[in-house]
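Have a look below at one chain only, the form predicted on its own, in structure tokens format.
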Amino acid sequence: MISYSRVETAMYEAMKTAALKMPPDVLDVLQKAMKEESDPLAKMHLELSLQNAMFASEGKGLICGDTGFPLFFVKAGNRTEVEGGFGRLWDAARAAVAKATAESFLRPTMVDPLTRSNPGNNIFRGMPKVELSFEGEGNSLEIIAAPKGGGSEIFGTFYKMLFPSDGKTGIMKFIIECIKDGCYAGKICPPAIVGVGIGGTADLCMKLAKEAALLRTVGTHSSIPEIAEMETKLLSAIRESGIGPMGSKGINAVMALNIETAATHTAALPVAVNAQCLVGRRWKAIISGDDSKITYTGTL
């Protein structure tokens, strides 16, 4: 059985590390983008972002000052047991986020949507957010902490119910329009990781887009050939748009475009877009089923 203290520790360390270290796949793509860009302003934006990442990894600040929304994605096996039950995951998430906030690894950005009152610790209704899923027959627990920046969420979230007759052309047109809108003046802090959800209900469609943006290794493609082809075509089209890092002139407005799909109603064609900013913050902790160790990694 996995102890509650292990879960709290894993959540805290994963969230703290996500604020300090850029995932290796994201770092590799940004370094490649640096070599591709020719516009001085585009290169400067990337240089500064990579410098911030280097300083943060050395304990000299955070990758980005906006630590945004505290999100956890937790995956358990069918034989996983957690001390006190799975409901304790939310208790551990609140304790981990409160500690990370008190130690200034997270900024206190969570407020009441109407009164704007701020508890000062990122603990409020619905936050931190924990998504729990089950997969496989194992007994371990996988936790991905993702402090998602406010800019990418605020300016990079779109949803539209298309007509089925709009088809692929309508879907791709909508996605490109969303990216152009989000990249204007660098609102989503590009080069962005863009997640797209197609199908399902309205809420499932948006969930697919969020997970496509946060939980896919940069550079990978869908296992569905038709979807992988759409991803490639869209990324190529965006690279030809003339938009670069932080909305400057260039080719790297988007570092990855990931699409996830689900079945939908015969009369519906819902499409959602959700962007992740260039720092791509996420870190994973894996707790062994016998509670003997926690493994941390920036690789998904």
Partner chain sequence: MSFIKCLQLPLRKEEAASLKLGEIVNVSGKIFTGRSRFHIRAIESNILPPIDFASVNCFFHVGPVMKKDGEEWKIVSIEPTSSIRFERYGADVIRKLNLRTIIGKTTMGRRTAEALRETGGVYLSKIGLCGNMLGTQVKKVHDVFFLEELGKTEACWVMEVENFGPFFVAIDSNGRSYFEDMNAEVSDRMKKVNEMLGIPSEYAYTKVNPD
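Computed from a predicted structure; not experimentally measured. Positions refer to the first chain, counted from 1.
We do not show the form predicted in complex with its partner chain, though everything after this point is about it.
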What stretch, of 77 to 85, 206 to 214, 163 to 171, 220 to 228, brings heavy atoms to within 4.5 Å of its partner chain in the predicted bound form? 163 to 171
For the spot marked by Lys21, Lys99 and Ala192, is every residue within 4.5 Å of its partner chain in the predicted bound form through some heavy atom? no
Given that its partner chain is not shown alongside this chain, does Ser104 nevertheless sit within 4.5 Å of it in the predicted bound form, heavy atom to heavy atom? yes
With the partner left out of view, is Ser236 within 4.5 angstroms of its partner chain in the predicted bound form by any non-hydrogen atom? yes
Please tell me whether any heavy atom belonging to Ala56 falls inside 4.5 Å of a heavy atom of its partner chain, as the geometry stands in the predicted bound form. yes
Answer yes if any heavy atom of Glu177 is within 4.5 Å of a heavy atom of its partner chain in the predicted bound form; otherwise answer no. yes
Only one of Ala262, Met34, Ala268, Leu41 gets a heavy atom within 4.5 Å of its partner chain in the predicted bound form. Which one? Leu41
Those residues of 180 to 199 which, in the predicted bound form, come within 4.5 Å of its partner chain by heavy atom: Lys180, Tyr184, Ala185, Gly186, Lys187, Cys189
